[in-house]
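Consider the single chain below, provided in structure tokens and representing the form predicted alone.
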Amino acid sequence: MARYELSCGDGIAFMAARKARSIQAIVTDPPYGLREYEPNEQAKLRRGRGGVWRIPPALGGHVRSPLPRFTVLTAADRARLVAFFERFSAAAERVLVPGGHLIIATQPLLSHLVYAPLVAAGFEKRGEIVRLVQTLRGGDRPKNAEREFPGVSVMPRSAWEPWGVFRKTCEGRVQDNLRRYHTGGLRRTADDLPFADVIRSAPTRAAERALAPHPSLKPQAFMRRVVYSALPLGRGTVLDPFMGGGSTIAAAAAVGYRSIGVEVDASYFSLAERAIPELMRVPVADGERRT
């Protein structure tokens, strides 16, 4: 069984303290609004009311997952977000081996604020994974003027989620990195099927959310595809410095990779400790692995 290590603490501090060039890949879904994971906002979320978290009503008898309202971020919030990712980028660049990939979830409204610090830190942008997923986000009509302007949408209805694909600069050619560091490329989905940048993905299933009720939990069918791609030869360690409910670590264990998960929120850390052994055993259909 694949080994994993879990640490309760600050993910950026963890990377800064770890030996340089000791991680082969980073796959993470960071707090890319920051405000939504502050203690006071988490307290409001856990009470089910108020704050930057939108608590959707049940739809057709199904309870919908909370969504953060990124449209409420101020200029100061955005500046703090950039500063956060500048620190993250420097620590990630230091801890990755040459040719190591960083695959990072973001959000269409904020991806430019996440990506720019990574490029400034020296990472090469290698593409973007498009996770095709219907989020059921509301608020697509002018608030309090829906009847007056019935043919107007305020913004595009979100049907995708971007995951940036970045690589630390190789030492020499890709083949040199593959031989020395086991990095530099992405692992093919199958020998006859290259890893693709568009992945159809249903929202996280209720059964998985029951195991790990984290507001940003990603489905194992999607995470296993992404994590599998991150180590081109299947060798090395995958790090998630913002572990949340543990979906990245569970995916790494499911595909046989070593991994390290770090989470600063003690409640979510305890949740991940309990959930990972169950999530890694969640069955995924062959079609979900390849499409």
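For every residue, the number given is its place in the sequence shown, counted from 1. Here the structure is a predicted model, which is why all the values come from computation and not from measurement.
From this point on, the text means the form predicted together with a small molecule, which you will not see here.
Interface membership of M243, defined by any non-hydrogen atom within 4.5 Å of the small molecule in the predicted complex, is confirmed. Among residues of the shown chain, N177 is not one whose heavy atoms approach the small molecule to within 4.5 Å in the predicted complex. Within this chain, L231 is remote from the site of the small molecule in the predicted complex, having no heavy atom within 4.5 Å. By the criterion of a heavy atom within 4.5 Å, S216 is counted among the residues contacting the small molecule in the predicted complex.
Interface residue among Y115, F195, W160, F84 relative to the small molecule in the predicted complex, by the heavy atom within 4.5 Å criterion: F84.
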